[in-house]
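In the form predicted on its own, a lone chain appears below as structure tokens.
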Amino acid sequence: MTHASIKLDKDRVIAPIDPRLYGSFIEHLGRAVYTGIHEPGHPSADANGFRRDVISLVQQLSVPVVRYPGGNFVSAYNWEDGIGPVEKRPRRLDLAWHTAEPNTVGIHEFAQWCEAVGTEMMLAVNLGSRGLDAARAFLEYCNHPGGSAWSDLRRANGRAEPWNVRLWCLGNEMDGPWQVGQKSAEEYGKLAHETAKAMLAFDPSLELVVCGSSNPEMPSYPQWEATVLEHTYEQASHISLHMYFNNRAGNLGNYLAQNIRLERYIETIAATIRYVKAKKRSKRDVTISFDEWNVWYHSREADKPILRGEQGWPVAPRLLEDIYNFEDALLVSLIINSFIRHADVVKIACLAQLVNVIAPIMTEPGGAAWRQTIFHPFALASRLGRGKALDLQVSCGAYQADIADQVPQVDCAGVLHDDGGVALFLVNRGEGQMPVSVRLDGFAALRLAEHHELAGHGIKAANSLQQPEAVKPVAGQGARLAEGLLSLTLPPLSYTALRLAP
């Protein structure tokens, strides 16, 4: 087809979009923390040593929740190492990334940073090398007002009021052989069940996230999810999924079809959740926390000497510092569209990660912070994509890829705003222009309020410290809205975000 047609019906609502769909992740890995969010000697540092330039960029992303402290790091982490006087905190060896952790930043400092940014904490407990007792102590330390051993220790350490953290991850990627304390689904399910019981005995209103498969290529997938949920269905609020994407083969068409593989992953686990719910005769709904996702492959060769231990145990080395290009930004756009279309089951998603480590924001120690290419579609979707996900009717051409026989040339997601307006997010996977007509059914008169395009770049174009704005959105041109019909032409290989307002 030489054109695409889309129909938006105001009454065809998939589900409300949980704002936490636009969450992110900070792990004690590489320079995410040290010289990422925290650099006391930096010219922009605040009184707590946090970089104000980074805070400003994070605020532009409007992330409502940030997962911490890992990731693989959490599976051998003692949370108590990060409390008390900084000069008395122990230095530990991190087996996950073969680095040394000084524990200069712990729960108090991370909470201060979250307050400065305006985001909520999503905390993970260690169910690898530790277990139930450490988890319930961490919860008491964070959430109890006072009058108990752990809460009084928090108060003695300078925080009188509890943080009242609502969202807790029970371990991380416990199916992975790379994980400290890897477990079978049966072992993990039993441990997660008992840990959840203890945490909910403290506060039954907590949201607990149990570990799903680390990726859909794991040999235990999807039986892992079924087994874990059979143990934890009545305690868990969410089950976590993780997925990373790459274009090692250098095939653009296949690369831009990868979100279809993501959707199959989501739909398989959604079906598994429904199966366990039926088997349990439960009235509860468990949803998905897709709390690690991103492109990750550019830096893997450069990381190998550190991960093999050839550089000893460095503190905050440059690790996982992927420099993202234009095609990566297009794939990130597609992934977010997929999450929006699955808002009925995906309630939380965390871009992994936030600063320096496979991240939308990069920093130079002592120097500038800058936006990567993937920053821009995330920021647009986070700002414009709050509301209710719409079920769009789309007709367009398609192409064949390894992942699917029919990959739509135009990928789109729509969001109904509370004021009756709508946002549209359109990705043209094709290398030619694509005229698009959008019929709006059931809407009051709307006007074109915003039109943004990320387009016109070579697929390998990237931002850098020297050229931080080489790839960025520009104002779109030529869109027309009249009598309930929106007409526009999508540039080749492009991302377009529009807001139609009352």
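Here the structure is a predicted model, which means the values were calculated and not measured. The numbering used is simple: start at 1 and walk along the sequence shown.
If you look for the form predicted together with a small molecule, you will not find it shown, but the lines that follow are about it.
Contact check at 4.5 Å (heavy atoms) against the small molecule in the model of the complex: all three of F25, W178 and H242 pass. A residue is said to contact a partner when one of its heavy atoms sits within 4.5 Å of a partner heavy atom; V63 fails this definition for the small molecule in the model of the complex, lying far away. Among residues of the shown chain, E292 is one whose heavy atoms approach the small molecule to within 4.5 Å in the model of the complex. The small molecule in the model of the complex is not approached by N103, whose heavy atoms all lie more than 4.5 angstroms from it. Contact check for L29: a heavy atom falls within 4.5 Å of the small molecule in the model of the complex. Contact with the small molecule in the model of the complex, defined as any heavy atom within 4.5 Å, is confined among 465-473, 45-53, 434-442, 64-72 to 64-72. Proximity to the small molecule in the model of the complex, taken as a non-hydrogen atom within 4.5 angstroms, holds for one residue of S213, Q353, N428, T195, which is Q353. Distance criterion of 4.5 Å from any heavy atom to the small molecule in the model of the complex singles out L320 from the list L320, L384, V276, V410.
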